[in-house]
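Given as structure tokens, the chain that follows is alone and in the form predicted alone.
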Amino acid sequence: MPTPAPVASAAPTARELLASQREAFRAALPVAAATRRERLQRAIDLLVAHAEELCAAMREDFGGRPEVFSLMNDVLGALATLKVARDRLDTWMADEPRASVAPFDQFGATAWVRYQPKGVVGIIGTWNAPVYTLFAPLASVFAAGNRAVLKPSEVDPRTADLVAHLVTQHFAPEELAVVTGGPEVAADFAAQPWDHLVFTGSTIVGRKVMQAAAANLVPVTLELGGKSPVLIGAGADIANAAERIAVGKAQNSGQLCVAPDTVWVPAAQRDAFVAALKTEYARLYPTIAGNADVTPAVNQRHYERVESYVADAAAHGARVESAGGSGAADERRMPLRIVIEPPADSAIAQHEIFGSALVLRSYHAIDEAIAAINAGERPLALYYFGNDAAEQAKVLDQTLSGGVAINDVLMHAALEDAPFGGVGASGMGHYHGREGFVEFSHARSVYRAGSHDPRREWGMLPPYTDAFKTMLHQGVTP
């Protein structure tokens, strides 16, 4: 009788992985600094050992993404976050002394805050930075002493499968695991009772993730994006601003959550800025078609989406200028389109572009631009160019965004010792730095009584006296 062929076992589901990790987490408490550091180091070792493979997978998923960008943004960006967590972990973990309760502090009562891990964290990454959006938040999650399950984007299937394979080589599934699959898997993932859930992606999907998490009272960290504006002040160096914006917008062909989306420029300098931006972009990309330095739109759907935004704006009467030469539809490589003064009801004015186009608007007084920005949703990033201290203060004081860069774009997101995250429609919560550690920790207040309790001798226990009541009233002061 022939031996039956072995039946391949199904990959564990998110629910199964959550259950096994939670059991292991409880059994291993407390989570020592050495354990956390060792996990962070293994994540670092994974990225170091397999950087070329990961970059190759991202190149294939995008149909030609430059490996230098994947290395710079995804691999080195994640490594920087992991290394900061590894190197500063002991300081972050220290108990924080707090003021105790008067008058018991006079008798030795003390208090402190202890940061303890929450348990098991689910992390849903996104396609535009498929390695970074998994491993950067993981740095904060591991530093806080948690375990994690990753859900890579299905838009990057080669990268997702490679990450899943590499994680099994470097981690036990009770420490770190990966679930792959399409939207139905992601929906099931978001519906699990995690101890914390991280999602990077669109605001529309972010709302659905938050709604799913609410059913289990799961706290969420959402990094969502938005129409990040650029304010160019009246005294700004137009050539410098154009160069910095061109460099920033060229990164991943605008497929970044902090990419400049809408540029506000003084009306008298609008045409000079357009000319300078076209010149600077052409310096970066003299040609688009066949240029291996140009990141393609990740897939046909996103290519057609951006093209439709530009076409719709033109149909509504907006002026459109192109920079960098002709595109290549068969390669999904696109020139930068500068869409000038599109009407408010055009698609490009209403939606995050997330591609190789930007909106240009002019103003006569910077208060007009500030008012227009504040009338919209709060963005993940805001950028200001100028050297007028009063104007800079006005922009910082009168706007609200997840983060800000002054006289540059994107760079605030590279601050590893400062929080990264959104506000309002651009997200909530943070990772990076100590704030990321705190995000994934439970801040537990601890009170320790002193050696003597004076309450009975001071008449503070029943039966209450008029003297005690008088003493309480004396404490009711402005």
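Numbers follow the displayed sequence, beginning with 1. Treat the numbers as computed from the prediction; the structure is a model and nothing was measured.
Form predicted in complex with a small molecule: not shown, discussed below.
Highlighted residues Gly248, Gly290 and Arg332: none comes within 4.5 Å of the small molecule in the predicted bound form, counting any heavy atom.
Note on the interface: of 169-177, 138-146, 223-231, 277-285, the segment with non-hydrogen atoms within 4.5 angstroms of the small molecule in the predicted bound form is 223-231. Contact annotation for Ser356: none of its heavy atoms lies within 4.5 Å of the small molecule in the predicted bound form. A residue is said to contact a partner when one of its heavy atoms sits within 4.5 Å of a partner heavy atom; Ser202 meets this definition for the small molecule in the predicted bound form.
When the small molecule is considered in the predicted bound form, His196 lies well away from it, no heavy atom lying within 4.5 Å. Under a 4.5 angstroms non-hydrogen atom cutoff, the small molecule in the predicted bound form lacks Val131 among its neighbouring residues. Only one of Ala78, Cys257, Ala297, Ala242 comes within 4.5 Å of the small molecule in the predicted bound form through a heavy atom, and that residue is Cys257. Exactly one listed residue, out of Lys208, Arg88, Arg158, Arg270, brings a non-hydrogen atom to within 4.5 Å of the small molecule in the predicted bound form: Lys208.
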